[in-house]
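Just one chain is shown here, as C-alpha cells, and it is the form predicted alone.
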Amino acid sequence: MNVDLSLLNPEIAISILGLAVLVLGLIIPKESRHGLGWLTALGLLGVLGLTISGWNNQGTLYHGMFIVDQYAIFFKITFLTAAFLVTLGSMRFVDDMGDQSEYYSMMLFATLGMMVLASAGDFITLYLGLELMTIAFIVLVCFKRLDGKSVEAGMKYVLLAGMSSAVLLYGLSLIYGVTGSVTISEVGRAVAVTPVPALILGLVMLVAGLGFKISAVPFHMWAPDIYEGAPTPVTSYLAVGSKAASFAILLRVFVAALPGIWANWTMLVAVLSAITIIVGNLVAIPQTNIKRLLAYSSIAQAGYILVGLVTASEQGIKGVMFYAFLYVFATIGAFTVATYFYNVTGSDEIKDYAGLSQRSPLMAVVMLICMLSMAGIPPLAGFVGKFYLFKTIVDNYLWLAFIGLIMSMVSVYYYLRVALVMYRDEPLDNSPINLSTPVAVTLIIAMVATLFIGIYPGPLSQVINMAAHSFFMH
C-alpha cells in the first residue's frame, strides 16, 4: 500500500513542534523559557504556510480513513490561525503563570487533535482526534493549579467530556453494528439502503455527543462554568477551536454518512438550532461577568452555525465554514481584551470596564467591533456570515430565519451594555493601560480581519466555495 506522506505534512510538522516545545522546556533554564511563546507562534505560522501551500494536494490515505480535501485543509487553516492568535495574545499571561512549555505544547497537541478531526474519514480516526483535542483541553482548563475556580472547571470538564465521549462512542458503535463499516463513505452507501430503528438511536446519540462539544442547548450546561474558571486564553481557544473542529466532523458525519436518513434528522437539527439561539441570547442578558457573557454568547453563536447543517447542502456547508472562520477573529479579539484587562486589574466584572475607552482606546474599540460583529451589525463580518447562513433556509424554514433575526436584535442589547460601560462611565482608576506588542498585534489583526471580511467578503467566499465543493467530490 503506497502512502503519500506529503498529505500528512501539516500533522507531522505540528507533532514535531509540540514535542520540541515540551522537550525544550525540560532542557533550558527557567529564565529563558519566555522565548517558547515566540517559538510556538513562529512554528504555527510555518505550519500554516505549509498547509496553505498544500491547498491543491488532495487525496485519501489508509483506505479512506484519512481524507485530505480542500474542505479539511480550510478547517486546518482556521485552527492554525486561531492557535497563532491565541498564542500571540497570551504570552504575557503565560509568563505570569509559569510552566510555559506545558502550556504551549498542550495548545499544539489540541490543535493536532482538531486537524485530525477535520480529516477523519472513519469513526476510529474521528474518536482519536476528538480525544486528543479533549485531553489537551482538560490539562489547559485546570492549568492554574492553585486557583480553586480553575481546578473546579477542570474537574467538571473531565466528568462531562468523559460522559459525552461515552455517549458518542455508543452512538458510533450502533451505526457500525447496523451498517457493518466504520468508514464514513461506506456508511453513507449502507444507510441509503437500510434505515432501521437502531440507526435512529445511534443518530440521537451522535447529536448528544457532538452537541456537548459545540455547547448546543440542552448540552450547554458546562460552558459558562468552565469558560469562567479556565485561564482566559484557554477559554478563547476552547470557544473557537473546539467548536470549529466539532462542526467540521458534524458536517462530515451527517452530510456524508447519513444523507439516506436526512428526513429523520433535519427537523431535529432545526429545533436544536432555534432553542440554542434563544437560550444563549436570553441567558446572556443578566450576566455581570464578561467571561460568562461571552460564554452564553458563544452558545448562541453555535445555534447560528447549526442553521447551516439544517439544509445539508453545499450552500449550507459554505455558510458554516464562512461563519466558523470569521468567528475566530471576533471571539479571540474579545477574549484577548478580557485576558489583558484581567492581567492588569484582576477583574472580569463588566462594571470594572468603566472608562476603558479613556484608559486604552485600542482595547475598547476592538471589544466594541468584535461584539457588534457577533451581533451581526453591518458592515462587519458577522453580518455577512449570518446572511450566508440564513439565506440557505429561507425557503423551507422561514420561522428559523425569523428567530435568528429577532435574537440577533436581542443580542445587540447586551453587547451594547458593555460598550456603554466602556464609553459612558467614568473610570475608577485613571491610569492608562499599556499594551505589550504581541497583544496589540493580536488585537489589530482581529479588528482589521473583522472589518475587511465584512466589507469585502468576495475572496474568502470564493475560497470557501471551492472547499465546500470538494466536500462532495468523494
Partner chain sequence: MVDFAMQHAWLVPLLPALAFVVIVFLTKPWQKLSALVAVAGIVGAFVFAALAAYGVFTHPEFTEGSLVYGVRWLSMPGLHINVGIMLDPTSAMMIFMVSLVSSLIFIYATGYMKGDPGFSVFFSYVSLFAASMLLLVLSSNLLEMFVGWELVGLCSYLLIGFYTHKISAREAAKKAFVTCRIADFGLLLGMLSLQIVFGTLDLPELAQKIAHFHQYTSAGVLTLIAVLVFLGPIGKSGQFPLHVWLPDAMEGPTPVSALIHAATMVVAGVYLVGRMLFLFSEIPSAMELVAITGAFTALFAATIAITQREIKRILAYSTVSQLGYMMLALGVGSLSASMFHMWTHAFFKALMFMGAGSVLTALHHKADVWEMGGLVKKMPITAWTFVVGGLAIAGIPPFAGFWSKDEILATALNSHHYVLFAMGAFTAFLTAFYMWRLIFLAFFGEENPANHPVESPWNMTVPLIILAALATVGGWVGTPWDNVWSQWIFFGEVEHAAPNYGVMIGSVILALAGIYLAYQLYYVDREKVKAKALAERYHGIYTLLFNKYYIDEIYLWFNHAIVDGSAKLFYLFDIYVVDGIIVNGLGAFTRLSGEGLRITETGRLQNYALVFFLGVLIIAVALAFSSPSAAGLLLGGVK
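Residue numbers count along the first chain shown, from 1. Note that the structure is predicted; figures quoted are calculated from it, not measured.
This next part talks about the form predicted in complex with its partner chain, which is not shown.
Exercise. Give a yes or no on whether each residue among 208, 272 and 413 has a heavy atom within 4.5 Å of its partner chain in the predicted complex.
Key: Per the other structure, all of 208, 272 and 413 touch its partner chain.
Quiz prompt | Listed residue that, although its partner chain is not shown, lies within 4.5 Å of it in the predicted complex (heavy atoms), from 342, 176, 222, 127 | solution = After the contact test, the surviving option is 222.
Quiz item: Out of 204, 312, 377, 354, which one falls within 4.5 Å of its partner chain in the predicted complex, going by heavy atoms?
Solution: Answer to the contact question: 204.
Quiz item: Heavy atoms within 4.5 Å of its partner chain in the predicted complex: which stretch among 81 to 89, 141 to 149, 232 to 240, 277 to 285?
Solution: Careful reading of the contacts points to 277 to 285.
Exercise. Please run the contact check for residue 457 against its partner chain in the predicted complex: heavy atoms, 4.5 angstroms, yes or no?
Key: Contact check for residue 457: yes, within 4.5 Å of its partner chain in the predicted complex.
Quiz item: Given that the partner is absent here, does residue 164 sit within 4.5 Å of its partner chain in the predicted complex, heavy atoms only?
Solution: Flag for residue 164 set to yes.
Quiz item: Heavy atom to heavy atom, is residue 387 within 4.5 Å of its partner chain in the predicted complex?
Solution: Within the cut-off, so yes.
Quiz prompt | Proximity of residue 401 to its partner chain in the predicted complex, heavy atoms at 4.5 Å | solution = Answer no; every heavy atom of residue 401 is more than 4.5 Å from its partner chain in the predicted complex.
Self-check item: Partner contacts for 290 to 328, taking its partner chain in the predicted complex and a 4.5 Å heavy atom cut-off
Solution: Heavy-atom contacts to its partner chain in the predicted complex: 292, 296.
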